[in-house]
Ligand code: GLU
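Presented as structure tokens, the chain that follows is alone, the form predicted on its own.
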Amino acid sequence: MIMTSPIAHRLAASLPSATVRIADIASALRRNGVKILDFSAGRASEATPQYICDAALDAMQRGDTHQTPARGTPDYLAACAQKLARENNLRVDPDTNIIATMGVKQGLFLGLLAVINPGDEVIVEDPCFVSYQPLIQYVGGVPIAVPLRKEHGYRWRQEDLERAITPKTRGILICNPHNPLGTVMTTHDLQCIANVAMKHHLTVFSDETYERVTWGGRKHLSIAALHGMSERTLTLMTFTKSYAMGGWRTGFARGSERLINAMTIAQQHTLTCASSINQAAAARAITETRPEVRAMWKDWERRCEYAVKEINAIPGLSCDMPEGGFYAWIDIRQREQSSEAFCERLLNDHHIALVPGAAFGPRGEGFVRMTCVKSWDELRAGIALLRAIL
């Protein structure tokens, strides 16, 4: 008789990441010779700009191939601090307020580990990014979903948050710009959240992955820059989306000295440090955002506009232009089919990969998410096939 080790409840009850799972299925089909139009994971068609790759090569050639301090290299931390001051109105000490992470998800996990005790509640958006609730549960926390309602512009009102507060509430987790909805929070939106956080002494975990890709002249704002919010906000940033660096898994977290110290201890015992090579590449990326990168962002906006226009011309589908990020949040409710069934049919029968909205929370049902920053050829081919199918 073969004895197997039991799986811990925290993982036995955890579902796979829908975005990663579908992208992995698409990759497997592609390896087997199946032509796939993959609009699932948020992966741009462009390769990482050459000057960023050159920075990584330079680091390797000069021997920067060893582990770094757990919080990151001095050069990288300084570059992050300069970026925060220049672009986010946040002036911080690179020696105490920043830690290098392997992307936002790892930074969020460290932050939750540092703040949340078993049984503590964290308010999240519904719909929200697929990994938020599992990460909260992994540290013993309880996610409390508060709906983002279309009639309110997919934005929380202060009274919505107040109703969700209990004696166990310890944090609020937000995504700005929002994945998957594409909303970009205004000062008023952020102030509503800040008012609740300050009143109830809560930590705000702010995922700002898509901060650089906002459309229609909109400007991203960091909640930590609001009066009274710097010390109670963990700001999470990354390069994976904006600089086409998805495979590099590089980012950073900004917070109070006390919080960053706690996260650093957790980093020492888990990851040790972020990659020395990737930190060098990311430092180059944010120190000099070159014209080719800005041109790429502009073209992404055109692709989003094209996708939204063409999708709205398909009977039974509708979507709004995202304010930020690069996803079309497509309303399929007229199709009278669940989002899971809709996506399975497209993937299995027609080899188009989209993400079912239900994966992002109950209020995501009736929608699917489509990544709009694939190549122009893929985008045109995918939408033409969708039109033919539907």
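Please read these numbers as outputs of a predicted model, since none were measured by experiment. Residue numbers here begin at 1 and follow the sequence given.
From this point on, the text means the form predicted together with this ligand, which you will not see here.
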property	result
Contact residue in the predicted complex, from K83, K105, R232, H220 (heavy atom within 4.5 Å of this ligand)	K105
The single option of L346, A56, L29, A41 touching this ligand in the predicted complex, heavy atom within 4.5 Å	A41
This ligand in the predicted complex: contacting segment from 41-49, 317-325, 333-341, 58-66, heavy atom within 4.5 Å	41-49
Heavy atom of H178 within 4.5 Å of this ligand in the predicted complex	no
Contact test in the predicted complex: Y76 vs this ligand, heavy atoms, 4.5 Å	no
Touches this ligand in the predicted complex: V20 (any heavy atom, 4.5 Å)	yes
Any non-hydrogen atom of K241 within 4.5 angstroms of this ligand in the predicted complex	yes
Complete contact of F129, Y210 and R369 with this ligand in the predicted complex (any heavy atom, 4.5 Å)	yes
